[in-house]
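This document starts with one chain, in the form predicted on its own, laid out as structure tokens.
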């Protein structure tokens, strides 16, 4: 397929074609400096505050799907073939406010106003995604938007007003026209841009990706860029060659076959949540706490694994569930247990020209119990101090098999082998908890940092084990003091 040498997208209802933009220019920077559209604000420049929230719409099976995204860490080429909607686009042709804007006015949801456009755009995303109006759903959807003025209560009331009795807006009425406009862009995949500073590739197939990596093995692969985006905005790193895999359909599938959940590496967290939580319900809360709605709409399962962070929330889960990683290159593919991928801090088993293609997660078996617990200073949008994942197979109340993995306790996500050995063959008893706690002290010697001391992390890991036992046995949770097991 012939490479496209420009980025084509809709800005509101107007088409744009960019040929000379630096590929790692953020959407926020483009809006403010090129388009002179200043409604979208910069607050943190790292995807935390939500002041920069925009909505991106794309054609999915003949319907528009709207996603709230952080424009401060989203690169402009990611807009290729899509529609970018900002707060400036929400008023209708009669200059009337959109229902979410009117609700913010009616409920006094704005004071200083700096964060307001971001809240409005997050509400607009909810408006088009059939979100329920429960407080939990609203909190989850707005968790990525911070406000120092209002105390949030009037914004929550605005959300309820806007979402109650949803009526089609001008975007619904123009959906067919927008779909035609997106089609008219002729935004074919396989984009290749060479600027004076960088080269950018967006292959359409895995085959193309392998060939590019064979020729340029030192390239930086991105999907959602929720991590790499910070390298650019915060660390001012220069990336010579960027390869986006976000348009490779083969890497975006999630299917259940042959006792496995097969997850394409470019599947976003938002897309994977429902399927994975269906089979492992404990993952539901973990995913709700994974970043924010904006981050989950961009971040991918493969990206969270590939960067190898010791506090990546999905990594202890994959290790505890004995997931397999499919690593590919032009030379072929290999299968690697998730626990063997992490070699040391910042070092993973991924050679030049290789990329993570797929994750295979076993379906639960009879008698298997799985729990994952995340501890952080805030419920929403916070990095873990400790994340523990536990997979146990029980028969007549006796532990027949067990895999335990922690994040935040070592330089990599790590299994608790001594603890597993101490629990095999044991009932869900207090004695087993004591033995497990003692074993955890042999498994880990965690560091002290601003998220928690070494002592705190050690105690917490034991407490999570106890929480697991109490949940599985139906007991009221108790506290075992250090003196009981030291």
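Numbering follows the first chain given and starts at 1. Bear in mind the structure is a predicted one, so any value in this text is a computation, not a measurement.
There is another form of the same protein, the form predicted in complex with a small molecule; it is not shown, and what comes next is about it.
Using a 4.5 Å cut-off to the small molecule in the predicted bound form, not one of 57, 138 and 158 places a heavy atom inside that distance.
Residue contact with the small molecule in the predicted bound form: residue 122 places no heavy atom within 4.5 Å of it. The closest heavy atom approach of residue 293 to the small molecule in the predicted bound form falls outside 4.5 Å. The shortest heavy atom separation between residue 46 and the small molecule in the predicted bound form is within 4.5 Å. Contact check for residue 231: a heavy atom falls within 4.5 Å of the small molecule in the predicted bound form.
Heavy atoms within 4.5 Å of the small molecule in the predicted bound form belong, among the stretches 283-291, 124-132, 163-171, 395-403, to residues of 283-291.
Put simply, of 202, 265, 409, 87 only one has a heavy atom within 4.5 Å of the small molecule in the predicted bound form, and it is 265. Though the small molecule is absent from this view, in the predicted bound form it lies within 4.5 Å of a heavy atom of just one residue from 334, 220, 192, 216, which is 220.
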